[in-house]
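Structure 1 and structure 2, given next as structure tokens, are two forms of the same protein chain, each shown alone.
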Structure 1
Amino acid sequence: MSEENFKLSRRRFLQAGAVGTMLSAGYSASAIAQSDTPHLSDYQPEYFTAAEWDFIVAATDRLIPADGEGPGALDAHVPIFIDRQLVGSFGQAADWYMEGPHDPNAPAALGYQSPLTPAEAYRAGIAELNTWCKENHGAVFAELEKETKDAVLTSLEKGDIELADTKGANLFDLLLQNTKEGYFADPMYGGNHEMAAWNHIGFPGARASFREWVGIEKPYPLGPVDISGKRG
């Protein structure tokens, strides 16, 4: 199929999608939820305390900084995503096997063995890391200079700063994984604000129909759509 025909059939597809939007209640409900998402500065965290929130904002801002091309973690509202995940089933380890005994010294290759849920691990880890920052740099993480923040995160990543209170959970790994999830997940989860991360890399989001583009070695022409039907 030529590119020309492809665009035509694509337009038909999108029109069909729009009709679906009006007919399906569940569909429009999530669209409303999304437009209601507050801006980062107005957001009231559901899980994090004010001190924890300051840490999450400061740390995700270093993990995906605003400088250069593409959105930073704060532009993408990553902290909102993480906060919502922690009050939800992920944060509560609702699907995980959490029975003891727990061996916090288990080989990493045997997987997560902490008795703490991810939400509890964030709480314990942030408190201990802030204490460490005060002792070693005279202020909590959020108040440090950029370079110091990066050095602290690097030490945490390498295991040079050990957080005993997380009982074997790895705060850095959790934070980095959840930050990338919040950057790239559908906007209905609170992050990837305005699909900016999808636009940055050229991922068309929830389009999910590419028969006409199989084997074509040219940049895909259409921007992203999200699950609520919005275009990015």
Structure 2
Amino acid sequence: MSEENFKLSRRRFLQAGAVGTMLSAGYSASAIAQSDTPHLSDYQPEYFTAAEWDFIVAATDRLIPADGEGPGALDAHVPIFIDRQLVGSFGQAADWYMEGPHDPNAPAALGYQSPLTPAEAYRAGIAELNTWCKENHGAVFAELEKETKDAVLTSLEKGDIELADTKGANLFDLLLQNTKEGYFADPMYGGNHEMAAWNHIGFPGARASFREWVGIEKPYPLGPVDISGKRG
């Protein structure tokens, strides 16, 4: 499949993901970052190993690449967001019902169906997928050409690559969900660096009031404000 066919258009991705992500995501309180989050190149992962970090950086970069109209996932520090979520309550499934039975074929409405926490599912899934990549493409995911990365992610999304070690957890769904969250969440959580995503879509952020702008068909001129009060 071509790179163009694989990637959602940036406009469709943003329109589909922004509002739902910002309203529904349950971020880990213990994973809140300080306003002086280091740059992605200087960040030391808290959960991921070096090999796992390479995968997350490479995979999120293909889900929201930087060669479109707006900032890419790496510009927005999405990998930092995901790493910090996995060391917090989300990654540990601290407030989820995790007792069995677990039925991977159950309807999605019945919720998460794996005995593994999200953090454990990432670890198991990345290791198994890297093994699959080495066996089928001669290198781990992060070392593949971008067209091959896109093809691997497409196969993973379609279920053509089955990861038994995740025990029912869907690595692609987790990765896509967390990538969207890291792209649009308040910067206090480590992603959406410098409110890049909010600036791109014209979202006002945590401003106390912008009701007077609802329905006005022109770009919002004041820029976003994050929860800490910083202006974008």
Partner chain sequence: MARKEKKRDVVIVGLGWTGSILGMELCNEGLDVLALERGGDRDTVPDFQYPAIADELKYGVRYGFMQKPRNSTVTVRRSESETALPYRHLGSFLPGDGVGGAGMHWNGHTFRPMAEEFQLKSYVEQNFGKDLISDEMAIQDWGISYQELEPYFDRFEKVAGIAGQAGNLKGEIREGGNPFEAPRSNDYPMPPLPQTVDSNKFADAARKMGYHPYPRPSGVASKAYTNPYGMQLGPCNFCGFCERFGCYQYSKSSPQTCILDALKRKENFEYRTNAEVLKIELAADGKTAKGVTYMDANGEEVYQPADMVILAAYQLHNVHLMLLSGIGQAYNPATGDGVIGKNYAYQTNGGTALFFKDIDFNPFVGNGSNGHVIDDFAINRIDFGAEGFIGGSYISSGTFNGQPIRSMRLPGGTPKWGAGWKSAIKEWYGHSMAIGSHGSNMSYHTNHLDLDPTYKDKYGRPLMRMTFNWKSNDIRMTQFMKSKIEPLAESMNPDIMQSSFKKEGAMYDVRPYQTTHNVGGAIMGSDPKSSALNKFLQTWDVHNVFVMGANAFPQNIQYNPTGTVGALAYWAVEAIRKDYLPNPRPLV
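Definition used throughout: the rigid core is the maximal C-alpha set that superposes within 1.5 Å between two forms. Numbers given to residues start at 1 and step along the sequence of structure 1. Please read all numbers here as calculations on a predicted model, not as lab measurements.
- Between the two isolated copies of the chain, the first is the form predicted together with the partner chain.
- Note on Tyr220: its Cα is shifted 2.7 Å between the two structures, core used for superposition.
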